[in-house]
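Shown next as structure tokens: one chain only, the form predicted on its own.
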């Protein structure tokens, strides 16, 4: 049952007068559930509770925290079709996507549970004393990673489960020993409340301290701003727009005590198709990318929004075929009317620029909030000279740039902002000449895909989901996989400590 209230530790609260509803983009109607936005007092209460919980939670064993994470996964699964239907009602996404994302969410929780059962992830490092060393004796030094404190997690619009209430940021922070306050995304507040109830039940059942988790409703930016500014908060996880992420980053930097903001933001994910590949596999590549561009209505942060090629007859044929194949894929609804409106506006802005050509778009007559997929092309020179062509168009949209030669293609990559991914489509006989392209692309992205598509992020230790700014605010960390836990810890050293006062992991 949806209450519309905020979870403040183990209590439900609705002290405010500002309310809002979510929206069903597929039906183009407001949903019936009413949610109450958190007040300043409720925000403060959640932060104070989290700070108190941190004193106990940071010292709870990895085994017990793992049991907590597994209990969360079990409770999310126990929500069954109630969660699936709410997810679909608030996002317009299909049932298969809801179940797939739920599977990824509980999989991440169990992955982190397995990871923290052994304290090896804290990277214990021991340098024993050398009292007889000349000319200066060496002290006994022992280092581990410790949690930094309460974390605020912002729910993502395009992943109501896997990047939201119990998503990767929350799972990794809880695994690290940090309490979490979620600023629920207003587009899927009902989905968020259901998941929050599962987390709270799991926390109670596994005897976690009250305040280890809270979930706050908000329809605007004020709640998020107050949370990031709160002195009890020690870190932030965010997935969303460049404007939103940068605003939080700047706000956190202006605090009396600045805190880290790990924001995963915009990306157009450049794809480079070599001349031989485009000539040899025109139809295959066009089919593969038509489906990648339109997957999930293009609402993935790894959507291939930029394709770089070298002009030729084969390239012209490829662009035409890509356009035809993309235009035949049925339209589907976007997550919210505002997202659909932004897609239309930003896409039209690109198309209106000089030296751009609309190759193809979906020819049907989609209903309200359904996006028309578009393929646009331009020249390498025009792209270099016009920053407006570099912007992300969030949705089923891709710009194909026809470069004069390889030198211009490399120049374009050099001038791109930081990206989550880059992709190279090439033939085996070209491998020997790809080193400069790989190194140039490597400077701009967090991951390079070879002969594939960027859509799809495997959750594993070798995955890097991040990249140079503005793909993320700190390219040294990933937001996906076990190593995402390192965002929420800091190194700490004990010098010349008696063995009985050391953590068990350092008593060697």
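Positions refer to the first chain, counted from 1. What you see is a predicted model; the values in this text were computed from it and never measured.
As for the form predicted in complex with a small molecule, it is not shown, yet the points below apply to it.
Which listed residue (413, 360, 98, 248) meets the criterion of a heavy atom within 4.5 Å of the small molecule in the predicted complex? Residue within 4.5 Å of the partner: 248.
ask   = Ok, 260, 92, 240, 380: which has a heavy atom sitting within 4.5 Å of the small molecule in the predicted complex?
value = That would be 240.
Whether 289, 401 and 449 all lie within 4.5 angstroms of the small molecule in the predicted complex by heavy atom:
Answer is no for this spot.
Looking at 138-146, 185-193, 318-326, 113-121, which lies within 4.5 angstroms of the small molecule in the predicted complex, counting heavy atoms?
Looking at the partner contacts, the answer comes out as 185-193.
Even though the partner isn't displayed, in the predicted complex is residue 155 close enough to the small molecule, meaning a heavy atom within 4.5 Å? Looking in the predicted complex, residue contacts with the small molecule include residue 155, since a heavy atom lies within 4.5 Å.
Task: Distance check, residue 218 to the small molecule in the predicted complex, heavy atom within 4.5 Å - done: Flag for residue 218 set to yes.
Query raised in the report: With a 4.5 Å heavy atom cut-off, would you call residue 339 a contact of the small molecule in the predicted complex?
Result: Contact with the small molecule, yes.
inquiry  = Can you tell me if residue 348 lies within 4.5 angstroms of the small molecule in the predicted complex, counting non-hydrogen atoms only?
reply    = It does not: once the small molecule is placed as it appears in the predicted complex, residue 348 has no heavy atom within 4.5 Å of it.
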